[in-house]
Structures are given as C-alpha cells and as structure tokens.
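Just one chain is shown here, as structure tokens, and it is the form predicted on its own.
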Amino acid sequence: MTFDTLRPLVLPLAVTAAALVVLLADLALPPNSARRGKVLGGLTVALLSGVLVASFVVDTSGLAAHGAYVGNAWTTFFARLFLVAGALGVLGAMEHLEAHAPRRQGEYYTLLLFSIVGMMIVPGARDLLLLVVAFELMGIPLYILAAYAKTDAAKTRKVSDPARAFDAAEAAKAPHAPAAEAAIKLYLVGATSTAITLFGLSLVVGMAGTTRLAGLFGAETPAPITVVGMMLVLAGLSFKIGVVPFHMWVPDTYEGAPTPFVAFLSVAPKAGGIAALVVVFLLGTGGHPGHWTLAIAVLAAASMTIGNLLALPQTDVRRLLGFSGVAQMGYVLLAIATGNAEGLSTAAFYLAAYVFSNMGAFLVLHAVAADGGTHDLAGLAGLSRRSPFLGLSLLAFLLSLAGIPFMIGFWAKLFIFLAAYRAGLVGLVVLGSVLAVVGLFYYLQVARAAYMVEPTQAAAPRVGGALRAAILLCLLAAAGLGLWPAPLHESASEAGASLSNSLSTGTPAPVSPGDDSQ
C-alpha cells in the first residue's frame, strides 16, 4: 500500500488521529485540574483547525479502498464544512461542559470527532457497505452526546432519603431530564431510519447484484422491487435530515438536548444526510434520477410549506428554529431536485451558509439561557439593550436565515431559486419565494423580542470567551460572505462540477486486492 492509495482518506484519518490524541490527553491530565476543560477544548479546536488548514495544502483527489472511496472537490468541500462546524461546536460547548460535565469533556470531544470522521467519509463513498458504515459512525455518537447532561441533575438536587436517589418521579422533575428524553427520541428515530434504509438497500442490492453505487441501476426503468427499495431508502434518509413527513423528532430533540450540542446537531449531520442522499440518488442512477427527481421535489415542497407554517406559532425559539430547519432542508432538496451541476453547487453553498447562520443563532440562544435566562421569546426581551453584541449577532443570523440582503443566506436562497428556475421547476420557485416571506414573519418576531420589547431583567448575560469567539466567528462569516460571496461560491461551484463530472464519466472499476497501482 502506497501513500497514493491513502491520500484521498488523509483528512478522515487525520481527524481519527486527533480523536485518539484528545482521548490520550484526557487520560494524562489530572482529573481535578482546574484547566482541564480549557486544555482539552483548546486542543480539539487546534487539531480541527490544523486539519482544516491541511485540506488547502494536501491534494486529496483520487481513489482509495479499491474504488470504494473517491476524493475530489466535492468531498473536500464537505470535509471543510464538517471541520468548521466541529470547531465551532467545541468552542460553543466548552463552558457548558465545564459547568455540567467537568470530568467528561474528553469523552465528549472524542465522540464528536469520531462522528465528524463518519461525516467526512459519506460524500466520497462509492460502495454501499462503506456508505452505511460511515453513516452509522456519524450517527451513533450523536445519540450519546444528546443525553450528555442526563445525570447532572441527580448530582445537584438534594434527596432526603439516599435510597430514593433514583426514584423515577424525582428523576422526571430533574432540570436536565429533557436531555434523556431528547436522546431517546433521537436514538429511536435514528435506529428506525437505519432499519428502513438497510431493508431498502437490501432490495436494491439484491436486484443489482453489486454494492457498487455505479452499478445499481442506470437510466432504464428499474424493476418494481427496486422502486420499492429506493422508496424505503428515501424514507430512511428523510428521517435523518428531518424533512416532512419524517420531521417530528426535530423540534422535540432540539428542545430537550443541550443547546450547544443542538447547534452542531442542527447543521453538520443534516449536511451528511444530504451528501448521502446525493450519493445514492444521483450516483446510483448514473446521473439520471428520472422519476426520483419528482419524489425529491415533492419532499421539498412539503418541507418548505409545513416547516414554515409550523414555525409561526412557536414561542420556544429552539422549537421555532427546529421547524425552520425543516423548511431550510426543503430548500436544499429543491436544489438537489434539479439534478444538475448548478443545483449541486447551490446545495453545497446553501449548506455552508446554513452552518454559520443556524449555529450562530443557537449559540446566542444558549448564551442568553445559560446565565439564568430562558429559551423562549420572553427570555430574549430587550436583549439588544442588555447585550448589544448578542442582540446584533442574533439579528444578523435571523436576517441570514430569512434570506435578507446582504447576508450570506440571501445569496444561498437566490442561487437556489435561479438554479431551480433554469431547471424548469418554476412552480417550486414561486412556492419557495412565497414561503420565504412567511419565514421572514417568524424570524422578525424573534428580532422584535430582542429589540422592541422592554427587558424583564437588567443584567447582561455573561458570555465566556470561547462561546463569544464562536458567535463572533459565525457573525463574521455570515456577514463577510454576504458582502463577498465569491470565494465560497467558487468553491461550491467547483465541488458541484467535480461530482457532476464523475456522474458523466462514471466511477472507475475497482482494482484487484493485490494491485496498489491506483
């Protein structure tokens, strides 16, 4: 085995090494050290940043694992997206973990890094076995991280009778009990969607006689059993990304899980799910998705409609952003429904914009609630006067999510509408434009609470250095790329073109196990 055979996998392997380094550092540091959390968090961010820098230096194009994995501009774009989301997620969670899990930061960061490894492999997978393993590596750590605060309440509450320390009634009243509920919902939905996806893939593979994506089926009309299998796969992946009608776990999980983790959960795993959907429904069909384009378009229309409408009556901002996320994934599916290079490019651009805008909004919400506030509209009352930095940041993120000029979200929506219009999806463009106006209403409701409602408390929320840095980075990206989107747009265009070229040229045939010449 030569370096060339491993070169496409350099970035996932580097993150794997980073996870092991963090785990060893966790074992080496004194358990009662006051700086333990800062050292582990800073180390994790530094390692992720180092891998991100390496992605601009090291050429990761080519084949690996005998053609089961392909490295190109598409995989590199998503790798950078996951690395950035991971670094922001760590910065946003450092103070939270120090307060609620002082001796378990190392495990948190290690699990997060392993999840990122799975995400990074998904866009380049060209074999269903590798795709499924990577997808589960992405998802399983998330079930644990969602419940990471479940035992904290038992440590802080006073129990008169030690024998009743694990009384179910008391546990249900614990301040952090919703975290366990959120984790159970995430696990059950994840396990169910995995079972549905695997059953569908078994039907497809049984008919195709291969696990290679390039050989599943081409432009010809698939057999009825293959259609059933692909419908199940589409349903399973729709659960993962939280689109209608498989979306009801999203607001419940966002409301119950720790908010810093939700900031990461709301963007990175969804981008991984979108990458998996593209791999299966575009590569698996040889670039001729046919009637599957209609199915994806229907999911896009339903998600944009239901997500925006259900967000309107919400007063808990976490649930509001949850339903907003359902609608946002509908816009991404609209881009994928075009089935061409422009649509793929705009989907990649949109996901990058969504990472900065949505993570920033959740981190501001966490900063307000972590210092004695709440996650509802009342908790944001007068935020602009209590903390001008948080108020301005929240307003910027909301405007970006709503697609207002000239934040990055404006360009994301504009590029998607243009791509869909050129692909002939005029009706969906009109629907999406109308619903974008509906979305503006509930985003401005949140902004109204921060700017036009009298504050219920005078004290400004105390924001730790790491959390402030994460919010500031999101703000600079959302505003800076909104004023100058060209670098991100060029990178996304290159990513979409590389995947589109692989659709037209096909994936090279796998080589024999003893041949390392590829």
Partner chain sequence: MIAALLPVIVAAPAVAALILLAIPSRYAIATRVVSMAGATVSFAGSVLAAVHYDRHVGGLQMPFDLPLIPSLGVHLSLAIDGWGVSLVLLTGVIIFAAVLASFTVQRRDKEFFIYLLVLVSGVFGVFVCQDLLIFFLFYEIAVLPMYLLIGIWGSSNVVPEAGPFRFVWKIFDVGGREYAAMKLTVMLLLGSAAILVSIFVLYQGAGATTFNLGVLGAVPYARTTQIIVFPLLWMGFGSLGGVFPFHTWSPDGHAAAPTAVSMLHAGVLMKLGAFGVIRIGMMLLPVGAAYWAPTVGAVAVVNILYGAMCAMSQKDLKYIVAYSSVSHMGVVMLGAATLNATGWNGAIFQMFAHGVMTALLFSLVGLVYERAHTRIIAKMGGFGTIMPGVATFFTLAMLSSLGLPGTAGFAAELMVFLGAWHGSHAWWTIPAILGAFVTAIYVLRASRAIFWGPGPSEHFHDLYDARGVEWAAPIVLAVAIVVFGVWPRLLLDLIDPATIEYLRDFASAIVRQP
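Positions refer to the first chain, counted from 1. Just so we're clear, the structure is a prediction, and the values are computed from it rather than from any experiment.
Unshown form predicted in complex with its partner chain; subsequent notes refer to it.
Here the chain stands alone, but in the predicted bound form its contact with its partner chain, taken as any heavy atom within 4.5 Å, falls in 483-491 among 483-491, 52-60, 37-45, 24-32. This chain lacks the partner; the member of Y148, F323, W411, Y354 within 4.5 angstroms of its partner chain in the predicted bound form by a non-hydrogen atom is W411. Though its partner chain is absent from this view, in the predicted bound form it lies within 4.5 Å of a heavy atom of just one residue from A378, A99, V434, L294, which is V434. In the predicted bound form, L130 stays away from its partner chain, with no heavy atom inside 4.5 Å.
When its partner chain is considered in the predicted bound form, V298 lies well away from it, no heavy atom lying within 4.5 Å. In the predicted bound form, none of the heavy atoms of L472 sits within 4.5 Å of a heavy atom of its partner chain. Using a 4.5 angstroms threshold between heavy atoms, M452 counts as touching its partner chain in the predicted bound form. For the partner-free chain shown, L414, F415, F417, L418, Y421, R422, V429, V430, S433, V434, V437, L440, F441, L444, Q445, R448, Y451, M452 of 413-452 come within 4.5 angstroms of its partner chain in the predicted bound form, judged by any non-hydrogen atom.
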